[in-house]
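A single chain, nothing else alongside it, follows as structure tokens in the form predicted alone.
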Amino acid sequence: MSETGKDGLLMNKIMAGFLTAGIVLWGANRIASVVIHTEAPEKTAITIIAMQTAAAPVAAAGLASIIPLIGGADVAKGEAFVQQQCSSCHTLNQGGAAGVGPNLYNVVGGPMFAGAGFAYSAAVKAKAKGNWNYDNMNAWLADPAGFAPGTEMSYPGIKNTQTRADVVAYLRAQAASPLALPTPAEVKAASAAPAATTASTGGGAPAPAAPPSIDTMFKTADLAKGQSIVNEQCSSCHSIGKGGAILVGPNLYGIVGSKMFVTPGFTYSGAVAAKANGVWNADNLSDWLENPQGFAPGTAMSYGGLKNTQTRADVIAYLNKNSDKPTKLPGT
């Protein structure tokens, strides 16, 4: 230190400090470049594949038709599927507000991609030709992105043909005037192509065996199971007890052995009135429960039917018990 009290080497010390800091920084960068590689790898570790929205349109010939299945479709299963997979984006009640997607009341038979309160994308508007019918609704539900490439609907589609039929049957019922069911000629035409393909290839599974007669099943019918099915699938529309009120459908007490489609206080449609021949017995009640639309085409009853023969026997046996005078069922 000089006589004036100032350090004569102060400037040298400052310069040495800057130099040392620079050397440390340079060294750190060199070490980092060795330890941490910044070059891009030769192969991407994870490839993110974008959703394909421009898939090829569904080929009509390659998609199984739902027309042969609509008449016997299970409306209850269709409703359960819609509630599980569609109701988070769509409302289904008449006059319901649009959500992520449009309201679906009266969609089957209604104009394609049209409706107040919802802004449709250009991709689907380009496909809006006429009304929704069984064929184009089938194709849309099977593969929305294939039907209308570029659609904003990200749902991948319903791949099972029977499930699509069940869903369309349920959606069809959500209307003031449901779309007419396919005619026998339309069903035959829709069924002909797959049959011809099977014949031409010489393959295909053998024809299923005829189901056993329901008359053989009443002896072992399970009344508890029948009651469970009625409570689960029928009680929302029908009362069961004696003197029960008319609901959406007629009271069912004493139905087995009663006159067909004749219940005081209930107005039956012309479609079922035309089938009112005689009384309800085990066989014709089984036919009705298996496929109401097939039994009386045009009926207002939207229920898809009970396809299992033993289940129908259980239900009929339970309904027969709920009567002042139960009838003798076959085999009992």
Ligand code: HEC
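The first residue of the sequence shown is number 1, and the count goes up from there. Note that the coordinates shown come from a computational prediction; the quantities given were computed from them, not determined experimentally.
We do not show the form predicted together with this ligand, though everything after this point is about it.
Per the 4.5 Å heavy atom criterion, this ligand in the model of the complex is contacted by stretch 257 to 265, the sole one of 172 to 180, 257 to 265, 68 to 76, 213 to 221. This chain appears without its partner; in the model of the complex, the one residue of 109, 96, 244, 101 with a heavy atom within 4.5 Å of this ligand is 101. Out of the listed residues 189, 89, 126, 80, 89 is the one that sits within 4.5 Å of this ligand in the model of the complex by at least one heavy atom.
This ligand is not drawn, but in the model of the complex it has a heavy atom within 4.5 Å of residue 302. In the model of the complex, residue 152 approaches this ligand with a heavy atom inside 4.5 Å.
Taking the partner from elsewhere, residue 313 is found to have every heavy atom lying beyond 4.5 Å of this ligand in the model of the complex.
Contact check for residue 289: a non-hydrogen atom falls within 4.5 Å of this ligand in the model of the complex. At a distance of at most 4.5 angstroms from this ligand in the model of the complex, none of the three residues 134, 317 and 329 contributes a non-hydrogen atom. Contacts between stretch 220 to 256 and this ligand, counted in the model of the complex as any heavy atom lying within 4.5 Å, involve 233, 234, 236, 237, 238, 248, 249, 250, 252, 255, listed in sequence order.
In the model of the complex, the CA atoms of residue 165 and residue 287 come closer by at least 3 angstroms compared with the shown structure. Three angstroms is the minimum change: in the model of the complex, the CA atoms of residue 138 and residue 287 sit closer than in this structure, by 3 Å or more.
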